[in-house]
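Have a look below at one chain only, the form predicted on its own, in structure tokens format.
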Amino acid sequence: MPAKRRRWLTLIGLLGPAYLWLLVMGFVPLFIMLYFSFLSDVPLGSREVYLTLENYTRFFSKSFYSKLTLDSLLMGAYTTLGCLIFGYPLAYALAKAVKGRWQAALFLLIIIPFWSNSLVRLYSWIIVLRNDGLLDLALEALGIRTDSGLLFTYPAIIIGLIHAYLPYMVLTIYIALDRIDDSLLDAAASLGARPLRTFTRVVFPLSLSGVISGVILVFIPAIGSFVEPRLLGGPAGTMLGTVIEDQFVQVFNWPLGAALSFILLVIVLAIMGISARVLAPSAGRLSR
């Protein structure tokens, strides 16, 4: 057997199972849901089912869905911004400032959310944010008498989402920062660059790939979240994700739920595509 053909067979043997799994467990269900989005009803029993665009036209004909989509996008943007504000300094400390046992301790604090159930984390926040909760008790202990009442508000949703997705932002930025050679920072300092200029001209441009990866990993799942808005937001937590969940679980209108899901997917892909076109030239200029 020729060596080239043997290499191709080896490559297929190594990559084939992974791509087959991705096809069966990823793309096939996606195409099934796409087919469902064009149906008039769930094809179960003796129901009369036909192909229609009604599920998509309903989205564009009712301002209710447009408002929910905008609210969901803003929720994802606020969550991403919050994760970036809190995550970048923490990632920088892990990569450049903290070493030894303190670094291991910080890593442990970051990955602890991955070890706990999301419902446990959310109910913990309910205890903290509710009236006369831990937050109110802490403020009273400091002599500040207030009724925070953050539970079932929009800020409570953002707090819960930032807590859930902060590790993704920190770890991706940390990987990018850890790859930066410390000799580059020493060279910048020897040339007279102040710490702020070193950060803006050397550190941040070289870590931009990690920042973009973290933004994508946080923004995409955040806009479709439904557990945090439902438990922490109450009446203020009605988002497109909660409506989609209701269509599948409560209303049993799978075609409409599938259509809303694909509309949200197209919007996310469009935002990612536009962002890539805008950020690519900027990233190239910053890296020079």
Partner chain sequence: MGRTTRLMAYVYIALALIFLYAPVLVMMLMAFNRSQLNELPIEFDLVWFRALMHNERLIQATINSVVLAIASALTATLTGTLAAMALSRYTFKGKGLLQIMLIPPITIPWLILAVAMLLMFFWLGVQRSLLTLYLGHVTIQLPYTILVVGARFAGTDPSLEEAATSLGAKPWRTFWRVTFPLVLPGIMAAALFAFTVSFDNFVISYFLAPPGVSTLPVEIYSAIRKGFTPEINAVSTIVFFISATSVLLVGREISFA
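Numbering follows the first chain given and starts at 1. We call the rigid core the largest set of C-alpha positions that still match within 1.5 Å between the two forms. Because the structure is predicted, anything quoted here is derived from the model rather than measured.
Absent from the display: the form predicted together with its partner chain. The rest refers to it.
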{"query": "Candidate from L196, L142, A97, L191 lying within 4.5 Å of its partner chain in the model of the complex - any heavy atom", "finding": "A97"}
{"query": "Residue (of Y123, Y78, Y154, F204) lying close to its partner chain in the model of the complex, criterion heavy atoms within 4.5 Å", "finding": "Y123"}
{"query": "Partner proximity in the model of the complex: M33 to its partner chain, non-hydrogen atom cutoff 4.5 Å", "finding": "yes"}
{"query": "In the model of the complex, L265 touching its partner chain (heavy atom, 4.5 Å)", "finding": "yes"}
{"query": "4.5 Å heavy atom contact, F59 to its partner chain in the model of the complex", "finding": "no"}
{"query": "Y50 within 4.5 Å of its partner chain in the model of the complex, heavy atoms", "finding": "no"}
{"query": "Partner-proximal stretch of 172-180, 105-113, 196-204, 68-76 relative to its partner chain in the model of the complex, 4.5 angstroms, heavy atom", "finding": "105-113"}
{"query": "Contact set, 240-266 vs its partner chain in the model of the complex - heavy atom within 4.5 angstroms", "finding": "G241, I244, E245, F248, V249, W254, A258, S261, L264, L265"}
{"query": "Core-aligned C-alpha movement of I127 between the shown form and the other one reaching 2 Å", "finding": "no"}
{"query": "Exceeds or equals 2 Å, Cα of P43 between the shown form and the other one, core fit", "finding": "yes"}
{"query": "Core-aligned C-alpha movement of T200 between the shown form and the other one, 2 Å or more", "finding": "no"}
